[in-house]
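Below you'll find only one chain, the form predicted alone, shown as structure tokens.
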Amino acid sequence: MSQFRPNCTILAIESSCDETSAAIYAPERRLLVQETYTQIALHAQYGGVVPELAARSHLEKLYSVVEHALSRAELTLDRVDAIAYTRGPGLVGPLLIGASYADALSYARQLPLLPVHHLEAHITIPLHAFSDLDFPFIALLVSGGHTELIYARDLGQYELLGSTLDDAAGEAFDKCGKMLGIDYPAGPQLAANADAYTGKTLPVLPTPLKHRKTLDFSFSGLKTAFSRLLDSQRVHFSDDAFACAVQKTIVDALVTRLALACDQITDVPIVVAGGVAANSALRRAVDDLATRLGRRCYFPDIAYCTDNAAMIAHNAYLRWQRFGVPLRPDHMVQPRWPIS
């Protein structure tokens, strides 16, 4: 039942936060399709994700999302060889919904069950699109909940070089956008407003951890400084100028730490992953850094930046191929699960 086959087909479930996603990965057919239901409208009135509502929505939507993913792949469950799911990290309620569904389906169909680390899936999904990318590499993982620099030595072998001491970069985008009156989730719209700004001057924000040569990040102080500057200087600058200033400050902080990591670990490519990897200013800045350093850099397709089941299916395939099917975990989900 659990023997790996190169032509296997994997059904994956992702439910770590507020995206209900299912995907089908069939390498023999070069097929990777997914169906995702976003809960943005559900949580918008609260200004952020409400875990209890997120879990209930996953329970309501998961069945139809799986059906639609199978339909897009033109498959039925009879053609599926393994079930993968996000074990963690994430919100415990949403994780339990996806894990319970995957576990029940695995038991009912007598299929291997493949638990996946959400963050590992983020940094390995570029391996699907880029045939020239391989381990080792430096990964900058940037999302609403995580900002980490990771040295990926090999599949399953990760060294955490630095992480956020407080707010994640995506969280800083969202909170500063909210101060500008942008509806939840504010980060993507703040970035769009920043990119639209054509002025020559910007409000001046402090550089996070400016005088510390560290690979860690900090954005809570930036959020506070942004609030104070907005109160005192809003009459002098447009909202787009404030958006551009905070985006530039966040991107500069990320790229500065990435450059320090590249000084320590030479001659390996760069991978940028997570929801903020979709940010065009960050992509340009990392491209420029890679060009200066003579390195290659890789970004996931935009569809694979935010939480999605495609990356879960792909990572499950890699781990099944390399390590086989794990023994049933002692804990079905692991809300706090360091990648290292």
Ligand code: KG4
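Note that the structure is a prediction, hence the values are computed from the model and not measured. Start at 1 and count along the sequence shown; that's the residue number.
In what follows, reference is made to the form predicted in complex with the named molecule, a form of this protein that is not presented.
- In plain terms, the part of the chain that comes close to the named molecule in the predicted complex, with a heavy atom within 4.5 Å, is 172-180 out of 73-81, 153-161, 172-180, 262-270.
- Among G98, P208, G144, P126, the residue placing a heavy atom within 4.5 Å of the named molecule in the predicted complex is G144.
- In summary, among the residues V33, A278, A55, A290, the only one with a non-hydrogen atom within 4.5 Å of the named molecule in the predicted complex is A278.
- Remark: T306 counts among the residues lining the named molecule in the predicted complex, judged by a heavy atom distance of 4.5 Å or less.
- Looking at P300, you'd find every heavy atom of it more than 4.5 angstroms from the named molecule in the predicted complex.
- With a 4.5 Å cutoff on heavy atoms, R87 does not count as touching the named molecule in the predicted complex; it lies far away.
- The closest heavy atom approach of A121 to the named molecule in the predicted complex falls outside 4.5 Å.
- Of all the residues from 187-204, those having a non-hydrogen atom no more than 4.5 Å from the named molecule in the predicted complex are G187, P188, A191.
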